[in-house]
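Single chain ahead, written as structure tokens, the form predicted on its own.
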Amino acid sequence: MSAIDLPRRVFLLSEDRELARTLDGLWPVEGQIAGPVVSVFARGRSALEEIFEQPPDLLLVDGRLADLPFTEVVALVKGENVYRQLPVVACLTPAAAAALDPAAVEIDDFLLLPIEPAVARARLELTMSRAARSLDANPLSRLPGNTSIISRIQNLIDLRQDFALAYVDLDHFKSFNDAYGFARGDEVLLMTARILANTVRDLGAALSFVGHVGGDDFVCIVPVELAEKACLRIIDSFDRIVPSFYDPADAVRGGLRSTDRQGQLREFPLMAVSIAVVFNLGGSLTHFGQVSAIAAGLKKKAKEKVKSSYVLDRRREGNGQPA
């Protein structure tokens, strides 16, 4: 079983047995899908070591804990930088909720006692989903990261959905970063993220998706029939904007002079964008790994050109050959 297939784990810190039974019954087995595994701790102190040793996917803390104020438990968990992303939900009486100071207690949500099962399940699922998205998001662009990208692509493959997946990366970005520094490099990455997001949004397709693999690597998912239009728009926007990130003399020259890894002074052209587009047509793809392998070869072709370019590769059902 892979890590992605492991059941989610929920810790409840409470001595209220009725609350524990209610929580455990929120996720009945539905078909072959099991809900989270719920572990109950009657004392906050006894749970902390387990939390830090094997952090759960969600922590619920009863505001009526006898041995520790729930606020102290929350502070101990959220005070550890490694565990700050762990979603924490407090179970509070109406009076405790009314007296709660959100600025003083770093919880992600709260439930009113006694909990209403349908509402509690929905809010806890939303809390876990929100935490997963936040953890996966690229810290610079805030676009979905690798986990979301792989999940989205594999889901479309499993549904045998036709789609076009564009791998987008920047040429000569390293030379720009070396010459101007990381801060200006980050500005270029943010500009690229905005171009991709705006282009895909303007196409108005329900299937669309934009993700940030990391560094200067991005992906876009669009309907097959809009792939080429998306590439043309991305290249046009990028090529019009990118000269403004260079010093005026470098922009006029059409590139910059920078020292390479061997210490040699070299001329580098202005940054360009390379796009490799993989198509899933008629269920021709069966796994995310195929997409990566095809894209790797296409990116080499796209990067053979000095200027911004794109390469399309349509894999037909049954033969897997480029169109």
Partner chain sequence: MSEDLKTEIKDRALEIRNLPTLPLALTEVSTLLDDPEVSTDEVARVIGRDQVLSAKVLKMVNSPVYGFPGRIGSVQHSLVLLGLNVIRGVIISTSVFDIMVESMAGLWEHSLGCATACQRLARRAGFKDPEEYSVAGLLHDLGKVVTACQMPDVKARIDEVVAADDLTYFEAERKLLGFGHDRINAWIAEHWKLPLRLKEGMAMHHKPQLAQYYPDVAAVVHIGDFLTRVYEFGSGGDDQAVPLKPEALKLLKLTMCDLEVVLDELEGDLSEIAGLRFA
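Keep in mind that what you see is a predicted model, and the values were worked out from it rather than measured. Positions refer to the first chain, counted from 1.
As for the form predicted together with the partner chain, it is not shown, yet the points below apply to it.
Between the partner chain and the residues Arg160, Arg240, Arg130, Arg84, the one pair within 4.5 Å by heavy atoms in the predicted bound form involves Arg240. The partner is absent here; in the predicted bound form, the one residue of Ser134, Asn198, Asn155, Thr93 having a heavy atom within 4.5 Å of the partner chain is Asn198. The chain is drawn here without the partner chain; in the predicted bound form, the stretch among 209 to 217, 110 to 118, 247 to 255, 144 to 152 whose residues come within 4.5 Å of it by any heavy atom is 247 to 255. Not one of Glu49, Glu53 and Leu65 places a heavy atom within 4.5 Å of the partner chain in the predicted bound form. In the predicted bound form, the partner chain sits within 4.5 Å of a heavy atom of Leu190. Among residues of the shown chain, Glu225 is not one whose heavy atoms approach the partner chain to within 4.5 Å in the predicted bound form. In the predicted bound form, the partner chain lies within 4.5 Å of some heavy atom of Asp202.
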